[in-house]
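Encoded as C-alpha cells, the following chain is the form predicted on its own, with no partner shown.
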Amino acid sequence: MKKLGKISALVAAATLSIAGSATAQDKIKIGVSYPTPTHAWAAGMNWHAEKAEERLEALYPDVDLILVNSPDPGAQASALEDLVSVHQIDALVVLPFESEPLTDPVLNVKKSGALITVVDRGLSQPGIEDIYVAGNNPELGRVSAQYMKTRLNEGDNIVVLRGIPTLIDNERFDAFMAEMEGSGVNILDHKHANWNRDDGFEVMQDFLSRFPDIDAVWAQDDDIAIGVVAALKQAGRDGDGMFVVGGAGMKETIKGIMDGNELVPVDVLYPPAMIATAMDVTVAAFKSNGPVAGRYILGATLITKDNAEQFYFPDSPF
C-alpha cells in the first residue's frame, strides 16, 4: 500500500507538472492595429509601436503583441477580423483609420471577449472601449496661446494656420482662441493648412503677401511649421523677430529647440508615442494587480530648451 501511495503521488506530481508546462506556454495575444504611416507623425507612431513591442515581449515572455498597419478603413476592418479569427486575440489596441467605419468592426472584436483599447480617434459609439488613450487637443491650443501671450504685447499681430477640418482641429483652435481672448493681440487671419508642409508654405505665402506686420505664427503642427519657415526664409522675413509655434514633437523641431533656434523656440507635445502608452496600459490590464480601465489623456507639455532633451528620439523617423 505504501508503494502504491508513492506511485500515485508521483503520477499526480507529473500531471501537475505537465499542466503547469502547458499553462506556461499559453500566450496573452494582443493585436495592435493602426493606419499605415503616410506622414511623419504616423511614421513616428509606427516606430514607437515597434519599440514597445520589443520591450514588452522581452519583459513578459508570455505576451505576444501582433502589430498590423492598414492603408484604408476597409483594410483595417479586415485586419481586425483576422486578429480575432486567426490569432484569437485576448485584447486589441486600435487607432482607427476613421471613427465611423471602424466602430462596428471594433464592436465585433469586443463581442469576441477581447479587451479593447482605443487610441487617439474615438469611435462613433461610446462605451465600446475599456481603455482610451489620447493626446489633449484643447490643451495643445491653450498651452500654445499661453506661451504666445508671454512673448506678445497688446496690439501685436499673429496669423493662425489650422489643420484638416476635423473635431481635433476644432478643439485645438477653439481653445487657442478662447485663451487669446482679451489679450489685445490681433489675430489677422486663420486658414486651414491640412497638417501639410506644402499647404503650410502656400498659406504662409498668402499671409506674407497680405500682412506686412506679423509678430508671430501659430502653426499648430510641426509639418505645417516647416512650410511656414520655408515661406519666411524665401520672403526674407525670417530675421525680423517673428517666431513660430508648432506642435507634436518632431525630432528636427526638438533638436532645433535644444540648439537655441529663435525662429521656432518652443513646441507643444502631441506624442506619437501615445500608442506605446496604450500598449503598456493594455499589458498592465493582464499583469497588474490594480485596475487600469478608464481614460488616459496625455498632457500637452510645452517643450523648451530646458526640457527638450527628454522628448528627443534621434532614431525615430519623427
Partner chain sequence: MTTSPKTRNFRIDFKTAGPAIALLILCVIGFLLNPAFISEGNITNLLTRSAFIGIIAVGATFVITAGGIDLSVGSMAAVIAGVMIIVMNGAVDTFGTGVTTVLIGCGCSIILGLGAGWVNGVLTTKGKIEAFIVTLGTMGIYRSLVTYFADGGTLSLNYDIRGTYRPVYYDSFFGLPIPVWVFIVVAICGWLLLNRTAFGRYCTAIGSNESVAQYSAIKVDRIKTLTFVIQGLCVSLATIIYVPRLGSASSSTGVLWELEAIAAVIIGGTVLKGGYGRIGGTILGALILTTIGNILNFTDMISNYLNGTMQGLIIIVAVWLQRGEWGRTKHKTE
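Residue numbers count along the first chain shown, from 1. A quick note: this is a predicted structure, and the numbers were derived from the prediction, not measured.
Only in words, not in the display: the form predicted together with the partner chain, which the text now covers.
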Per-stretch contact check against the partner chain in the predicted complex, the hit in 241-249, 159-167, 145-153, 90-98 (non-hydrogen atom, 4.5 angstroms): 159-167
Of H192, K110, R121, R237, the one that lies within 4.5 Å of the partner chain in the predicted complex (heavy atoms): H192
Proximity to the partner chain in the predicted complex, single hit among D130, E179, D104, D198 (heavy atom within 4.5 Å): D198
Partner proximity in the predicted complex: D82 to the partner chain, non-hydrogen atom cutoff 4.5 Å: no
Proximity of S183 to the partner chain in the predicted complex, heavy atoms at 4.5 Å: no
Partner contact for V203 in the predicted complex: the partner chain, 4.5 angstroms, heavy atom: yes
The partner chain contact in the predicted complex: T38, any heavy atom under 4.5 Å: yes
